[in-house]
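In structure tokens, the next block holds one chain alone, the form predicted on its own.
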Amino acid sequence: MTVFEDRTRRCQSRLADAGADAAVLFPSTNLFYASGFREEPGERHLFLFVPSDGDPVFVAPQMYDEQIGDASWVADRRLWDDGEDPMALVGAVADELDLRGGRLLVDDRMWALFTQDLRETLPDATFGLASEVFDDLRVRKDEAELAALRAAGAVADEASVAVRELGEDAIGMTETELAGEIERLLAERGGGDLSFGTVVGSGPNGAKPHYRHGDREIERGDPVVLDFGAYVDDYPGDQTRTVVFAGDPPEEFERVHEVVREAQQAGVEAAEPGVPAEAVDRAAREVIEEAGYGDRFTHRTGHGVGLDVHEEPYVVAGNETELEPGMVFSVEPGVYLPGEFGVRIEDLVAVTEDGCERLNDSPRTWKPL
């Protein structure tokens, strides 16, 4: 049995427990997780029906037959040609699997066009979200997944060290030019697709937590927020460091950087089995609040990481989910002073039997190497 078939069989047992008759998956990480077949969403109808009992069934365009056959353990592929009505085939599969009046869990990221077509074709069915079963399946990573995440962390670490070694050479580069250099370094060290749009926030741009990069030139003394990662074996890296490539930083910067570093360390030290996710957020946030910057920490402390770079568990106030071995998430507190600078430090951690393992270990200091 392949790892993908094992995951599907575990999904089926949870479907029954959830009172659902089937999951209906769409090109997404859930589809890859269960079938081994990866594809981007497109305008053609492509579904994987996973019934609570029996074998799963693909409904897919004819052009995908060989691709699915090569990638997936699922043997049953019902194919339609351009010019045919794919929903007629969906209806036939629903009849065969006795799903017309059932409860179906559709992929959370299925486009509205396709969920609407399912509702129109199966008007007597009721619908929920596939996250009811997949979140619990995916939140604890197995050893192969952890190995891939460690490898992605190592790629990010190596790129982090290399970009910091630019020192004076980074002065005068635009943020976009430096982002391109980071992406080149990630690729040279074995990274695949980017985990997300690379963040290079220099000077006042670093005070914008979701800023990407632009045409601003990096100046001497600028704090620069660097947030980046790349996929390795289908799993993403995600690391943030805040550095000053050359020159003297603003007067308040060193204090803020030390506060964020201590907050990040407190969050990492709080992560262990049995602790609610919100306790990690609280541990990091208290350090920043006690230093007087509580109102400048404007986002959650972290997010789960797996096939998606943002997934469960979310490290945020109100999340009482107890941490378990195999859970992987970021710890990334930040302080943002509008018009001046920002500081964020981020590592991924994996919960172990008695604590947690950092998946990143590049220097966290702000000084150039």
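Just so it is clear, the model here is predicted, and its values are computed rather than measured. Numbers follow the displayed sequence, beginning with 1.
One more form of this protein exists, namely the form predicted in complex with another copy of the chain; it is left out here, but the text below deals with it.
- Heavy atoms within 4.5 Å of another copy of the chain in the predicted bound form map, among the stretches 150-158, 252-260, 225-233, 293-301, onto 293-301 alone.
- Proximity of R14, G19 and F49 to another copy of the chain in the predicted bound form is absent: no residue of the three has a non-hydrogen atom within 4.5 angstroms.
- L113 is the sole member of L113, A144, A92, A75 with a non-hydrogen atom lying within 4.5 angstroms of another copy of the chain in the predicted bound form.
- Proximity to another copy of the chain in the predicted bound form, taken as a non-hydrogen atom within 4.5 angstroms, holds for one residue of V133, L99, V199, A207, which is A207.
- Though the partner is left out of this view, E320 does not reach within 4.5 Å of another copy of the chain in the predicted bound form, counting heavy atoms only.
- Residue contact check for L129: one or more of its heavy atoms lie within 4.5 Å of another copy of the chain in the predicted bound form.
- In the predicted bound form, another copy of the chain lies farther than 4.5 Å from every heavy atom of L307.
- Although the partner is absent here, D108 lies within 4.5 Å of another copy of the chain in the predicted bound form, judged by heavy atoms.
- Along 27-58, a non-hydrogen atom within 4.5 Å of another copy of the chain in the predicted bound form is carried by E39, E40, E43, R44, in order along the sequence.
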